[in-house]
Structures are given as structure tokens and as C-alpha cells.
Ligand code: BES
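As C-alpha cells, one chain now follows by itself in the form predicted on its own.
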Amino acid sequence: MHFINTPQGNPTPITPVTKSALKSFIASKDHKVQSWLKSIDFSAKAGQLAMIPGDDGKLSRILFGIAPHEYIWGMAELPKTLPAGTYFLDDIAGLLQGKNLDLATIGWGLGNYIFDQYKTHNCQHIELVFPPGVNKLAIENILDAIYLVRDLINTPAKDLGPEELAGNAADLAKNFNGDCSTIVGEELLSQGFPAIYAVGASSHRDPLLIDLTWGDIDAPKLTLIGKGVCFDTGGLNLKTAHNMKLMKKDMGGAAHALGLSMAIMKSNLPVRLRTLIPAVDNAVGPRSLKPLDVIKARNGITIEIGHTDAEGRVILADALALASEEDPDLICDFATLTGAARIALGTDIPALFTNSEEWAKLLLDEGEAASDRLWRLPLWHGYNELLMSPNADITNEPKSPYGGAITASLFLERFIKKQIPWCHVDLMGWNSTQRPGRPEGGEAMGLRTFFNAFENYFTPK
């Protein structure tokens, strides 16, 4: 993350400044600095840098333009643009107060991320002195969680199958004194998870269910579920080459569940955490699901397979049914589920569905405060008829392509007990372009929002 606690030597000050604050800043400086800023036409527009030399000709200060309330992404630009060295935040203009300082520090950490496990290169050495007044451990915690999510999604499917995903969960449990078990292959059938088995049976890598638990057994029960399709060919309804290319990211929901689990355990939140991840490959093989096959989920609901590429909701069905059996205080599932959500909201904003007005308000408010936004879509029960099948209780291919993110959520809702508060997040898990703090590749979306909401809700006041 490129932070240090105690610098050696004289770190270079970095001063953020907005357009409105620039005039007073310039007026406080001597003629040389004023002339220099004028000569380079520095106007403090967002992302603009001014490297101010000292009397000795060496770099004495960095000014950078930042838009109001965009402190996280403004700060994220700097690690990739500044020369090698050690820096500290010198907030002369008084912009980085309270949460703004936390966001700016997180931004620096996000801007330093690089996925380099498969590259040979030399990284420049650049670091920031942890600003006084920030909660160092909390910021390191959330950045570690985001880095984990990004790393898991970025790892090629060849190197991250169901077994490797289970290994990551087991390592987390071991590191934080939790427990982790897996149900593998045909054991899924004998232990009541036929839907997970049916989707993953066609792969040479066995399907499995990861079950991680941690925390005081008497604490409020929080259950996280992540869709763990480690690679998705589409099954017999095979995807095109273009649509299959990014399908190593189809375990992005599982990555989010594990990243959040890490943050919760590392912060020692007062919850009884359970994390369930159905992990499979949706492959083509002799045991592939066939269109119009009918399978039975854990809770007895029968599912007609209208389309083998709508497999994520099928494996989640078993996990949601299991989660409901112990009546937790909250169930949250995360999934790279539908293209319809991306068409509605684009790639940056996850869709939130929930049966709880309380959790909807809390999550939307936290998302706005953290610059990690969600957008709520309706669980519109008028579309339930689109899930009806003539041969089974429900189909995984709605009768209409319209409202696809909603009908997918309604499908999942069938496997939740009505009295349990439940949140479903349909997310991209991927940055399609290169931006400051948001490199092209795997991305944690809504993680900071959910963690902040859990911390505020479950921590005694």
C-alpha cells in the first residue's frame, strides 16, 4: 500500500487545492512561487499537478487540483504520476478534515494497487507518511480487503478453481481463529445440495460448498453468500468468444464475500459471521445440464433449466436455502449475476435489491458518504409470473428478457424465509477502463459501503 509511519529524511509535502481555494493559497506565497504557478498556468482543475521547486532547485512541494467531494479518486491519481520518493499530506487549504482525510488516504492506497503476479517489472518506490488523525488500522484493514477482492478476480481461472477458492477461505479462517469446512463433489448430493452439484458436475474440477464461520456464537448472526463460478463457459448454451473472455471474473461475488469476511474478522466486529460460497465451473462435458432439465434445490423447490448460462442463481439457491435454516439476523449475497443490471446502471454501480427498508436506507446513505455507491432496484412481485414453468415450480429463464435483474432477484427470493432481512447485490466486479485508483481488471464494488454499514449497525453505541 506504500505507507510508512515514520519517515527518514525530509518527505515532500503534498497540498490539495480546489479552484475556490487557489487564490488565497497563491496570495500566501512569495513572488517566486506566484510567478511559477502563473507561468505553468496552474488553475487547480481536477487532476492538475504543480511541482514547485525550492531555492536549491529541488522539488519543495506538490500542489494538485482536486474537485470538491472527490477526495478519494483525486488522491488516487498521485501514486502513478509523482516521481519516486516519500511524501506527506500538508493540508494548508484545510480541505481534508474528518472523513475527507480518511477518503484521501484510502485513495492513495487504491492508487498504489497493481496486479503483478504474472509480470516482470521494476516498480518505482513511492510512499506516503500516514497522516496524523486517521485510523491507520482501519484503513489498512479495508485496503487489505479490497486488494484481496481484486487479486482473486484478476487471477486466471487456470490457477483459481473451486479448490483454490476454498483454500483462500481456509487461510482466512486459520488467520482469524475461525472454522472452515467444504462439501465436495458427490458429497453435495448426499448432504442436500443438488443444485450446486448439477451445475458443477460437468467440470473435471469438483464443485463444492465453502462454509466459513467465525465469532461469538451468541452474537448477532450475519451471513454472507458469494457466487463462486470460477469459470463460466455458458454450459451447453455456450457463450460467444467475446462474452466468455472475462468469465474468470464470474466468481466476483465470492471474492466480495471473502473480502468482507476478512475486513469483519480483522476488525473484530461483534457478529457471528457465516460465509457460504458455492464454487463451481460451468463447463461443457458429459454431465452438463441440458435445457429443460429439472433439478430440485435444497429446500424442495424444483427448477427447470431454461438456459444453462443462467447458472449463478441456481447455485445460489442451495446456499440461500441453507443460510435461511438458522434464521440469521441478516443475509447478504453478492453475485456477478445479470447483464440486465449492467444495461440499467452501467458497469460502475452495483444494483441493490432488499426486502428491508432499514437496510436499504443504511446502505444507500453509507454508499454516498464513502463514494462507493449502490443503486436500489425494486423487488417487483408483479414479475413473479415470468418465472412460472409448466414443468417445475420455477424456471431459471424468465419468459421475458425485460427486467432481467429484477426477475433474477425474484428467483433468489424464493429461497429466503420471508421474515429474514436480505440484501442481494448484482455487480460487475470489473473495471473496463483504466482510471486513477480503479485499474482495469477486478474491482471491489460496494465493499466499503457494506463494511461501514455492518460496523455502524452491529457495534454497540
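One rule holds for the numbers: they count along the sequence shown, beginning at 1. Model, not experiment: these values are computed from the prediction.
Below, we turn to the form predicted together with this ligand, even though it does not appear here.
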property	result
Any non-hydrogen atom of Met428 within 4.5 angstroms of this ligand in the predicted complex	yes
Touches this ligand in the predicted complex: Leu337 (any heavy atom, 4.5 Å)	yes
Distance check, Leu386 to this ligand in the predicted complex, heavy atom within 4.5 Å	no
Partner proximity in the predicted complex: Lys249 to this ligand, non-hydrogen atom cutoff 4.5 Å	yes
Candidate stretches 338-346, 270-278, 253-261, 67-75, one within 4.5 Å of this ligand in the predicted complex by heavy atom	338-346
The single option of Lys136, His307, Lys296, Lys80 touching this ligand in the predicted complex, heavy atom within 4.5 Å	His307
Residue among Lys239, Lys361, Arg205, Lys266 with a heavy atom within 4.5 Å of this ligand in the predicted complex	Lys239
Sequence-ordered residues of 220-235 touching this ligand in the predicted complex, heavy atom within 4.5 Å	Lys227, Asp232
